[in-house]
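As structure tokens, one chain now follows by itself in the form predicted alone.
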């Protein structure tokens, strides 16, 4: 067993790569399962050795990729506390918030053969849980859309302009109503603890959606 710091092996970049790949799959699957877009734009793919649905719409895919590209440096520096997929109704009021809470340990105790394979198994369990989450959530109204938010630590918030990755895809402060829901129903979906990251996923669901 070896103890490492976050600077060893460029640990932050490894975690960011793993998490952003997972989040891309998760966002696509959330949009499919919660019927934000027609099922016809999704195709079956294989990720984490299980079948998943991912969009084949170029503009949607580009938005998701650009968003995660901008989030990646924040994860790498351990400055991202939460990544949130917000589903809003046609009046732009949130009906559901899929919240991924992320925590990275300052010190790691890992064995080389378990570093990524174990994490992949845990992430697979998250994907499987998302794929059946409609069983514990109520139907959303028609005409929904979505956005992706990132909650940063205080120090990172003050330096957001310095981590601007794409000039034509700038960070903006989220609307207050997207960040907070009044008395939502809390639906825990999955949590994980590994040598390199801790994460939990829960849904904040609006009580009355129509």
Partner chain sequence: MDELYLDNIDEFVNDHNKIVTYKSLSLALGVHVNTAKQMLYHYLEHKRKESSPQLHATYLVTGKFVGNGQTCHKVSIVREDQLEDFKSKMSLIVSVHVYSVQKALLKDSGPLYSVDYDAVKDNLKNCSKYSAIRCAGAEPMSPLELQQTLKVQIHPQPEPESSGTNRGTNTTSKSNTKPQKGIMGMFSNKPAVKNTSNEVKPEQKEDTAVVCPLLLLVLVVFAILLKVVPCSPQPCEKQDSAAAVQHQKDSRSKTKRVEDADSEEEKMDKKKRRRIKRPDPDSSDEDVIPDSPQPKESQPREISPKKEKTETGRSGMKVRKRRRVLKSQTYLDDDGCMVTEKGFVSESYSESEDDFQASKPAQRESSKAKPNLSSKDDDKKSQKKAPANSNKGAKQASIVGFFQKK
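Worth saying up front: this structure is predicted, and the values here are computed from it rather than measured. Numbering follows the first chain given and starts at 1.
Although it is not shown, the form predicted in complex with its partner chain is what the next lines describe.
Colleague: Using a 4.5 Å heavy atom cut-off, which of 135-143, 96-104, 68-76, 81-89 contacts its partner chain in the predicted complex?
Modeller: In short, 135-143.
Colleague: Looking in the predicted complex, any heavy atom of residue 56 within 4.5 Å of its partner chain?
Modeller: Answer no; every heavy atom of residue 56 is more than 4.5 Å from its partner chain in the predicted complex.
Colleague: Decide whether residue 44 counts as a contact residue for its partner chain in the predicted complex under a heavy atom distance cut-off of 4.5 Å.
Modeller: Answer yes; at least one heavy atom of residue 44 falls within 4.5 Å of its partner chain in the predicted complex.
Colleague: Is residue 51 one of the residues lying within 4.5 Å of its partner chain in the predicted complex, judged by heavy atom distances?
Modeller: So residue 51 counts as contacting its partner chain.
Colleague: My question is simply whether residue 33 lines the interface with its partner chain in the predicted complex - judged by any non-hydrogen atom within 4.5 Å.
Modeller: Close contact exists here: in the predicted complex, residue 33 approaches its partner chain to within 4.5 Å, heavy atoms only.
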